[in-house]
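Below sits a lone chain in structure tokens, taken as the form predicted on its own.
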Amino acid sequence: MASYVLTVACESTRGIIAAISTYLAEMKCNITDSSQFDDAVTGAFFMRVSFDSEGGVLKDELAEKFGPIAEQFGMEAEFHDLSVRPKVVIMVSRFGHCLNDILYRWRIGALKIDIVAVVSNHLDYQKVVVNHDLPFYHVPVSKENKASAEARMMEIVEDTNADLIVLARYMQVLSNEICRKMSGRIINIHHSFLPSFKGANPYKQAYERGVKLIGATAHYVTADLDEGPIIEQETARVTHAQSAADYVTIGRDVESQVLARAILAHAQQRTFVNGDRVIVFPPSPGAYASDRMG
């Protein structure tokens, strides 16, 4: 029995939920989880429905016959097959904590994605990636070759049919062209000290100011660099007794967790970009289950 997710975005009006639930029932589908959000400010409506196709109706037929309902309500609607994993390209520089965390979660089945490539402007993690039987691409970046390097990166993305790019502490600024082309399909992670502590050694700056909370932010990348729509955040408490190096270590752990949660939410079709915000629906039952413990 196939399991699917239906995602819907449209203008809020009466009858949407009734129309969707009635349609799925008529198609012999059993709803297993449902979330919706009515944005009173923008008038937008978002919905995510998980269901089992108990009658054996396949995704393409479900989508085709749903067409009149989508047209009636002016919906952006899409059916997703839960057995199909999104293809992901990971980009990393010289900080490997997020990459290693993603690889572990992927290996045990806690992060149900297909990693189709790892791209880096350095060779530090080539062996780690190759040992996971994953393709590694070294694409050096400098002021002189930035345009050609980005062209090579996009070539890799297109050749692998990647659905998502994950910047796992990739320390290069992407061009506006790539940000526009991959809008809603690039996730970045960074510390949450912006805009207070910019530039080099933000954790040292935070330590010197006696910060008591440190954290991380995962967001979709836009031309506004680190100001794209936020998907996930987390904080950790620190005290005066800890050093700047402690801040870095704690921050590294938070960054890894936050990025993994953001990737998981995107992979499970739980995120909806709503202007400068992201609607993130809660996970369905079993969403965190792993294929094996370790």
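Sequential numbering from 1, following the sequence displayed. The model shown is predicted, which means the values in this text are computed figures rather than measured ones.
Another form exists, predicted in complex with a small molecule; not displayed. Remarks below refer to it.
S.K.: Is Gln172 part of the interface with the small molecule in the predicted bound form - any heavy atom within 4.5 Å?
M.R.: Within the cut-off, so yes.
S.K.: Would you check, heavy atoms only and a 4.5 Å threshold, whether Asp52 touches the small molecule in the predicted bound form?
M.R.: Heavy-atom contact with the small molecule at 4.5 Å: absent for Asp52.
S.K.: Is Val221 a contact residue for the small molecule in the predicted bound form, using a 4.5 Å heavy atom cut-off?
M.R.: Yes, Val221 is a contact residue.
S.K.: Within 4.5 Å, heavy atoms only: does Ser120 come near the small molecule in the predicted bound form?
M.R.: The answer is no: Ser120 has no heavy atom within 4.5 Å of the small molecule.
S.K.: If you check Glu61, Asp226, Asp246, Glu234 against the small molecule in the predicted bound form, which one has a heavy atom within 4.5 Å?
M.R.: Result of the distance check: Asp226.
S.K.: Looking at Val157, Ile90, Ile214, Ile189, which has any heavy atom no more than 4.5 Å from the small molecule in the predicted bound form?
M.R.: Only one listed residue qualifies here, and that residue is Ile189.
S.K.: Sort through 157-165, 110-118, 172-180, 74-82 and report the only stretch with a non-hydrogen atom within 4.5 Å of the small molecule in the predicted bound form.
M.R.: That would be stretch 172-180.
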